[in-house]
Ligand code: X2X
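The form predicted alone is given below as one chain in structure tokens.
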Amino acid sequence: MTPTISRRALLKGGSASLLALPLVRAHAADAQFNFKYAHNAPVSHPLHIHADKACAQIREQTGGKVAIEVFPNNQLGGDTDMLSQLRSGAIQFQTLSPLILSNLVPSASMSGLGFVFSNYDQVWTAMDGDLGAYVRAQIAKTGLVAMEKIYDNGFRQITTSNRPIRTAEDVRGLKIRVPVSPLWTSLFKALGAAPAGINWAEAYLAMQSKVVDAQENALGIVSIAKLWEVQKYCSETNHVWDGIWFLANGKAWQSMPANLQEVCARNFNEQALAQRVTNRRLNESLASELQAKGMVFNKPDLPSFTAALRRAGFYQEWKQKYGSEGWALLEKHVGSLA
């Protein structure tokens, strides 16, 4: 069941959350398994709210045997730093965008190809089905364990400080912050932009100091990070759907007996389903609020973007990189791309 969370509570935090202390469960020293879970979201974000609830439920349902200490808001470093810590075992759990994970597991980024998914029905049918299973199997080969249900970050929009984006031509030459991901860099280069891979912890400063003029993200992130302070326009491109994999260090996961693994997986997956509902409601409610804060919204000509990507050979290039098996699973859900 989705917890009742007010919009004010979801959007609260901002800079204050930067000072948040790790959320430590009482009497963790008494637990049989003491784990660390780290992520990049503020404490007001639906990801944190639901994942933190899962950790609390796991502690309760295991009778205190599993205690998971939560480190939100990049407290343990940027996404790539935390991924290195996860692989080494310094932390045991991390939630991470498939686009960042693709630096380690290339097929993870298939779900984030530009202008592929047109609605949530397509997303969940694919990611809760054979495409998600295929990606999880590739993740397992790296020594990590991905939970069955992926969390939702939402469809991403382009925000800019200098001009609205009405057609693909408006992206040409745009200095835009993108996550440190080969796919995102490739996507915006194919559109003629000048993408800069910057970890989220440094993104606001990059926009404030005009290192970049634009960024792209779901509206929930735009609001929580107060990007209206440094961005004027929001163009509703829905160019990428972005999820969040809940990952575990394989050795830490296998150190637990099967019954404790089941409790952990069940709670992480149940809260993923609840988080999807909360996150979608949040994103859908925010346009009017961001407009009231001064952001100017517009709806671009989306076919101009897919046409530009096909002309640039973007889809054909990534089809070759992903291989025929993964690509066939993707096209099964979204139709022919290349």
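The first residue of the sequence shown is number 1, and the count goes up from there. Because the structure is predicted, anything quoted here is derived from the model rather than measured.
Separately, the form predicted in complex with this ligand exists; it is not shown, and the next lines address it.
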{"property": "Selected contact from F117, W200, F188, F268, since only one has a non-hydrogen atom within 4.5 angstroms of this ligand in the predicted complex", "result": "W200"}
{"property": "Among the candidates T160, S97, T237, S107, the residue which, in the predicted complex, approaches this ligand to within 4.5 Å (heavy atoms)", "result": "S97"}
{"property": "Non-hydrogen atom contact R156 with this ligand in the predicted complex at 4.5 angstroms", "result": "yes"}
{"property": "Contact test in the predicted complex: C264 vs this ligand, heavy atoms, 4.5 Å", "result": "no"}
{"property": "4.5 Å heavy atom contact, L86 and this ligand in the predicted complex", "result": "no"}
{"property": "Distance check, N40 to this ligand in the predicted complex, heavy atom within 4.5 Å", "result": "yes"}
{"property": "Segment that reaches this ligand in the predicted complex - one of 178-186, 136-144, 108-116, 256-264, heavy atoms within 4.5 Å", "result": "178-186"}
{"property": "Residues within stretch 48-87 having a non-hydrogen atom within 4.5 Å of this ligand in the predicted complex", "result": "D79"}
